[in-house]
Every structure is written in structure tokens, then in C-alpha cells.
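Coming up is one lone chain in C-alpha cells, specifically the form predicted on its own.
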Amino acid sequence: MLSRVAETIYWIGRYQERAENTARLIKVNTNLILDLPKGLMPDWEPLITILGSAQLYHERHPEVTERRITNFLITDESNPDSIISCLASARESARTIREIMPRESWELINSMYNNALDNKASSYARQGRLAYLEKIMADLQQLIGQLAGAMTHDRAYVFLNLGRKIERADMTTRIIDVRAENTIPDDVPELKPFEDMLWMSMLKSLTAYQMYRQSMQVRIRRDEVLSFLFCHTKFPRSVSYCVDNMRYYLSTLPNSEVCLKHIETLNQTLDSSVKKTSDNPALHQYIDKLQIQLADLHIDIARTYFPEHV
């Protein structure tokens, strides 16, 4: 396989996962607004900080508001990491390698982008935002299923899944980070009963609530939720599951020794550190460490398999 083709399909996996998980991030915050009392509104600025878009946002917008940030993250085509931009990038990448994937998948990607663009006005108000995001997430889930069921599971499929899993692991940590930013202050004890509701909202945004209850068999508690989302080996959106999947896919490729060493480093971090995240500063440090290790893994995948474009 040409390195250009491998890189293109790797990034299709990343773009589609980034679009879906950005939608999940915004859904987390929107659901918090609906669930919490009026005196305790979640902040929107952590979203652009966690997604690495704060500098670009502040260059273009004089103030931080819910409307401005959600538009910036959902429909702003000048933001390369907005949902619309990710869908556009996935569409353009798929167009250049249409012979690699089923025709139906290319048509779905094209239709998904056009629908998101045509209906973007419905995302401006809070009332229509959730439905707009749910539609995008459902379309992306359909695409994942279609590719799994109709695309030959050759090396192209391996690179597609490598891109998807590294992006999913990274974005799961970012979604958890958003939740940690929206902590109920200690000096407002009357609101502490809402703490478990916040964690429940986050689990639901990851479609993880039922699986958490089934697997952990305990009520919603911070430490158990973190353990489930970081370390559970059977839940598809946990960081550990994504890392194990990447190890499997990398083991099928030649010259993967350096990348597999990064996988071991990630597993050591997951095994040794998650129990130490007893407070939010420690959790932020832990997430930063995982994100750096995932970025290092991406760099070595690029150096090994896409050398023309590094």
C-alpha cells in the first residue's frame, strides 16, 4: 500500500472520530445545563481550551459566550477542528481514495457532510442543538458499521482503525477533562447531591451508563467512573480498550516495534496511575500524561508509515 493512501485513510478515521467526539463534548455541557439548577451553570471556555482551540477562538471573538463557542466548535468552517470542518476533511480525503472503500460509504460521507451543512442553522439555539448533534453522531455510527461490514479487512482497514482508536482514546480523556472542569465548589454544600448527576450525564454522553451499571454494579461514583472509562478492557470507549485495539492492529503491520513500545508505555500509565487521581489537579496531570503519550504514538506511526509527509 502506498504511504499516501495509508495516511489518507488513517486521517479519515481520525476526522470521523473527532467530529463525533466533539459532538459528545458539546452534548456533555448542554446536558449539564439542562440537569443542573440555574445557579450552577457549567462554563463553556474549558471546551475550547481542552480541544486546543483557545488561541484561535480568542483571535476571532471578543467574548466567551455559549452561542459563540458552540458555533465555533460546530459550524465554523474557518476552525479546522469544528465538526463541519472535520466532516469536510473526511469527505475530501475519501474522495481521493474512493476505490479503497465501498461506494456506499463514500456516498454516506458525502451525504452526511451536505446534511450537516444544510441544517447547521438548527444548531444555533440550545433547543435544536442536541437533535443536530444526535443526527451527526448517528450518521457517524452508521458509517463505522458500514465500513466494518462491507470493507475488506486488509491493511487499509487497519490504518482506518488505528486512526479511529487513537483519536477516540484522546477524545475520551478530553471529555473526562471537561467534566473535571465543571466541579461543584466545596463552599456550596447544598449542591453536592448534584455531583453524581454530573458523572451520570458524562457516562450517558459516552453511551456508557448502562454498561457501567452492568460492569461495575455500584452506584455512580467518581472513582469507579474513572476506573471504568480509563481501564475497562471490554468497553469500546475506554482508553484501555482503544490501546489494546491499537496493539492488535499494529502487530499486523511490518516495522511496528517502536510503535508497540509506545503501547506498552501507555498500558503502564493506565495500570499504575489511575488510582492516584484522587483530586482534580491530579486528574488533569494524569490526562496530560496520557495525551502526550498518545501524541508520541501518533508521531511514530507517521514516521514509520507516512514518511513522505512527516
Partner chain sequence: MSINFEAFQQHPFYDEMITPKGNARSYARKMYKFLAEMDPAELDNRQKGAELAIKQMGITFRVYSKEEGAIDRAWPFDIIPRMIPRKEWNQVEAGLKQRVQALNLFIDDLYHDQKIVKDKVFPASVLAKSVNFREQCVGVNPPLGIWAHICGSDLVRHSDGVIYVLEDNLRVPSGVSYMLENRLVTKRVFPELFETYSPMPIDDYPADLFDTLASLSPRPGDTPEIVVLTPGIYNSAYFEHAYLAQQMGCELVEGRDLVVQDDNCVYMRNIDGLSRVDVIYRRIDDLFIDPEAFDPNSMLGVPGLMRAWKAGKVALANAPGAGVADDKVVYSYVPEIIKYYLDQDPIIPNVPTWRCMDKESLDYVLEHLAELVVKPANESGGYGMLIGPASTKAERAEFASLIKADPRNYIAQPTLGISTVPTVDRGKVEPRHVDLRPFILSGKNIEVTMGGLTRVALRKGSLVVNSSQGGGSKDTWIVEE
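Positions refer to the first chain, counted from 1. Everything quoted here is computed from the prediction, not taken from an experiment.
As for the form predicted in complex with its partner chain, it is not shown, yet the points below apply to it.
- Just one listed stretch, out of 58 to 66, 253 to 261, 44 to 52, 280 to 288, contacts its partner chain in the model of the complex at the 4.5 Å heavy atom level, and that stretch is 253 to 261.
- Using a 4.5 angstroms limit between non-hydrogen atoms, residue 92 touches its partner chain in the model of the complex.
- In the model of the complex, its partner chain lies farther than 4.5 Å from every heavy atom of residue 77.
- For residue 98, a non-hydrogen atom is located within 4.5 Å of its partner chain in the model of the complex, even though that partner is not displayed.
- Remark: residue 223 does not count among the residues lining its partner chain in the model of the complex, judged by a heavy atom distance of 4.5 Å or less.
- Among 135, 155, 204, 120, the residue placing a heavy atom within 4.5 Å of its partner chain in the model of the complex is 155.
- A single residue from the set 141, 215, 114, 71 has any heavy atom within 4.5 angstroms of its partner chain in the model of the complex; that residue is 114.
- Contacts of stretch 103 to 137 with its partner chain in the model of the complex, defined by any heavy atom lying within 4.5 Å, are made by 103, 106, 107, 110, 114, 118, listed in sequence order.
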